[in-house]
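As a starting point, one isolated chain is supplied in C-alpha cells, in the form predicted alone.
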Amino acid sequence: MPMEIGTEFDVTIGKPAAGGGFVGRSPDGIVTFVRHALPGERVRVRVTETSSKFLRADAVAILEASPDRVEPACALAGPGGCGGCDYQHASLVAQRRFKGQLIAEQLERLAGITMAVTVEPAVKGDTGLGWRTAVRFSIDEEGRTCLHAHRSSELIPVEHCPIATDQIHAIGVTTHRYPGMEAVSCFGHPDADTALVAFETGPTGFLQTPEVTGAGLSVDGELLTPPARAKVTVGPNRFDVSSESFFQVHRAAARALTAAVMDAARVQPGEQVADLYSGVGLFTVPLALAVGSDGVVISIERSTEATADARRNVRHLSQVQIVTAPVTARTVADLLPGTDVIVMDPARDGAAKGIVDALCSLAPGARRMVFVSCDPATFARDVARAQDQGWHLVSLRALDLFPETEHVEIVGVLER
C-alpha cells in the first residue's frame, strides 16, 4: 500500500544525501531522504513527499541523538520552517565531514575517482553565522519579507536571518512591509563601500517609496537612490558590483576563492588565459596581473550587467578582452585557440557536454584547466567527461563557502 504524506514512522539514519537530507529506510524498505536528522540517530519522521522509488520526510522527534547535534541558531531551521539551511542542527565539524563525503561519493560514482576529501573553512574561526552577503526575500500578500520552505512555494515570514551579514540587517528591509511588491534583493558586504537594495514590483505596482537605510535603491531596474553599484575590496583590488550582478556570497569567499584559483592556475607572465563564466571579473583581474602586459586574458560571460561591471573593473588592464556571450562550444572554438590555462566557474548546472569536449580538444598547448564548482555531482560529471578526452584530476580543494547548508565550493585542477 503506498505511503501517504503525513505518515509517521521511526527510522535509523545513515549517510548524507544530496539535497540536504540523510538516508534512511521506511518499515517496508523504501529509501527515505530525511531532513533535520543526523547519521546514527534514531528519529521519528513525517513523510512530506512520495514517489514510486523513494520518500522524503522530516525528522519530527529525536529518539536517539547524535553527538554531532547542536541547537540551531534560527527558530525557523526545522520542520515546516525556512528551507535555506540544511545543517544548522549539526556542528560545523560534522557539516564539513558530510560535505567531504558527498564530494567523494560523487567522484567515485560518476568519475571512478577514489579520494578522501577534506573541506576547509572559508576563513579561520568561521562561526557559520553572519556570512551571507546577498539575500533575495519574496514578499507575501501582506507585504512581509519571506523566504521559501524547502522544495515549496510556501512563504515563511522572516524578520532576522542569522546567516546574513550585519550589513544586510542594517538596511532595515525586514522591518517594513511592501504590499504590491514581489521580491527584494539585498547586498551587504563588509568589504563594500555601500549596500544595495533592488525591489521587483508585482502586478499591482507600488504606491510609495520603499524604506531602506544607507543603501543604493532601485525598483524594477530604475535607480531611485544612488549609488547603482557597490565597490568591494578583495585584497589589493576593488570591484564594481551592481545589484543585478552575481558576486561570491560568503563574506570571505572572494578572498579565499581567488587565492585557491590563483594557486591552482599557476599562470606565468606572457601566457594566454581563458576565464569562462567570468562574472564581474573576480578572477579576471588577478589573472591579468599575473600574465602581465605581454599576456592575454579572455573573459567570457553572458550577463550584460556583469560584463558592464567587468569592463569597469579591468579598465586599467589592456591585456584583458571582455566578451559578452554565452559559453558554448562555438565560442570556445572561435576565441580560445592558443590558450595555455583555462579557468571556468559555471553555475550549479555545470558545463554542457559539448563545452567540456571543446575545451579538452583545444590544441596544441592548453596545459591546465581549473574547474570551480558549487555542486559535487555536476563537478564529478564534468571531470568524467574531461577524463574521456585524456585529462585527469591532479588536485582538489573544497571550501566551506556555504555554512549551515549542504552546499560547498570545489576547485579542481586537471592536466593532460
Ligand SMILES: C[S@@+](CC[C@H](N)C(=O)[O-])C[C@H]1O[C@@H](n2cnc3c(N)ncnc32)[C@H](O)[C@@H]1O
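Position 1 is the first residue in the sequence shown; the rest follow in order. Note that the coordinates shown come from a computational prediction; the quantities given were computed from them, not determined experimentally.
Not pictured, yet referred to below: the form predicted together with this ligand.
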| item | value |
| --- | --- |
| Among 132-140, 324-332, 114-122, 190-198, the region lying within 4.5 Å of this ligand in the predicted complex by heavy atom distance | 324-332 |
| Non-hydrogen atom contact residue 340 with this ligand in the predicted complex at 4.5 angstroms | no |
| Distance check, residue 309 to this ligand in the predicted complex, heavy atom within 4.5 Å | no |
| 4.5 angstroms heavy atom contact with this ligand in the predicted complex for residue 302 | yes |
| Distance check, residue 283 to this ligand in the predicted complex, heavy atom within 4.5 Å | yes |
| Heavy atom within 4.5 Å of this ligand in the predicted complex - residue from 106, 174, 248, 88 | 248 |
| One residue of 346, 295, 84, 128 in contact with this ligand, assessed in the predicted complex (non-hydrogen atom, 4.5 angstroms) | 346 |
| Sequence-ordered residues of 270-290 touching this ligand in the predicted complex, heavy atom within 4.5 Å | 277, 278, 279, 282, 283 |
